[in-house]
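Before any questions on how it binds or moves, here is one chain, the form predicted alone, in structure tokens.
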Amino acid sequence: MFTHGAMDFFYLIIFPGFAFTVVAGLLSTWVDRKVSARIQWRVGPPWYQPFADVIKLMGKESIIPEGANRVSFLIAPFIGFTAVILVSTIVWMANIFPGASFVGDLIVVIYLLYLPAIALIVAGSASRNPFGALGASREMNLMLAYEAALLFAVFTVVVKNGGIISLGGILGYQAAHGAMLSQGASCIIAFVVTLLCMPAKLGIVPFDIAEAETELIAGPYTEYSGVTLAIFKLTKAMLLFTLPIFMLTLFAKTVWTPWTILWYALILVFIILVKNVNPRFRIDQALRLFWLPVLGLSLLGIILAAVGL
């Protein structure tokens, strides 16, 4: 018989927390790399390649650049890493035990999902590298743009369901009334906005503006190596799995159905296609996109939800 503390440890470290999210995230990056390779008429890596890459990085030295803020430089990778583990645990636990969901956990998840971008900003600023600082500046501007639209999209769901701000409550509402995606035009608009913001939140093409390898070497990642770089890579891989699951929890009733795999596959395919058929945006183009049409669409969604559509 497991004690309460042992079960909490299991949930956080094994499933649905750290270990499960890492494995699922790395497998998702393999699918991304494999499909991208096929699109480009290449063979692509074997399934274990993302795991091998992380293990290899873990065995290398982490070098701290001269003049860098040592504490901020070393802590930054773990800020986003810890946040994604907590988000995955909260979202999956809400799906496993909807009744145990606490009031306001949706707010907590939204807050925690800010932290990976903030970690990049801290990392670039602490490295004392001009490319890192420029990448951090770009990430800050981009984050302010897409997060505004994403926040309105998420709260469209809250307005539509009558003010429920717990994930368990949202799942209960969908169990009684059907998936939010079927609740009207406002929720469809919110779903589309969330989908459009996801590549930017993941930092992939065409929104890899902060990293911009051909311009900034690697932006905030430029001075990172070894374990610290591996943590950043793991965070990005885990987000690739966690963000779609959070999205499905909000809009698609629950993740405990056979349809979830299909939904997740479709979202992943969308992300991969966006990545492979678009060039990188300039920062001004990305800001114009999110501050004008995407934010406008998001505002339209929440207004329609407020009037019952």
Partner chain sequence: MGNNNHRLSGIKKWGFKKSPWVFHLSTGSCNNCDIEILDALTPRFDLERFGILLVGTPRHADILLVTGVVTVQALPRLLHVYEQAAKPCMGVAIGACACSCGIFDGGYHVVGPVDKIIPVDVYIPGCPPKPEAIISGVVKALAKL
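Given the structure is predicted, the values throughout are model-derived calculations rather than measurements. Residue numbers count along the first chain shown, from 1.
The form predicted in complex with the partner chain is left out here; the points below concern that form.
Enquirer: Just one of 277 to 285, 238 to 246, 252 to 260, 49 to 57 has residues with a heavy atom within 4.5 Å of the partner chain in the predicted bound form, so point it out.
Expert: Heavy-atom contact with the partner occurs in 49 to 57.
Enquirer: Could you tell me if Lys201 has a non-hydrogen atom within 4.5 Å of the partner chain in the predicted bound form?
Expert: No, Lys201 stays farther than 4.5 Å from the partner chain in the predicted bound form.
Enquirer: At 4.5 Å between heavy atoms, is Tyr224 in contact with the partner chain in the predicted bound form?
Expert: Although the partner chain is absent here, Tyr224 would touch it in the predicted bound form, with heavy atoms inside 4.5 Å.
Enquirer: Under a 4.5 Å heavy atom criterion, is Ala175 part of the interface with the partner chain in the predicted bound form?
Expert: Result no; Ala175 lies far from the partner chain in the predicted bound form.
Enquirer: Is Arg42 close enough to touch the partner chain in the predicted bound form, meaning at least one heavy atom pair within 4.5 Å?
Expert: Yes, Arg42 sits close enough to the partner chain in the predicted bound form that at least one of its heavy atoms falls within 4.5 Å.
Enquirer: Which one, Val192, Ile217, Ile75, Ile96, lies within 4.5 Å of the partner chain in the predicted bound form by heavy atoms?
Expert: Filtering the options by heavy-atom distance leaves Ile217.
Enquirer: Just give me the residues of 61 to 79, first to last, that have a heavy atom within 4.5 Å of the partner chain in the predicted bound form.
Expert: Result: Glu61, Ile63, Pro65.
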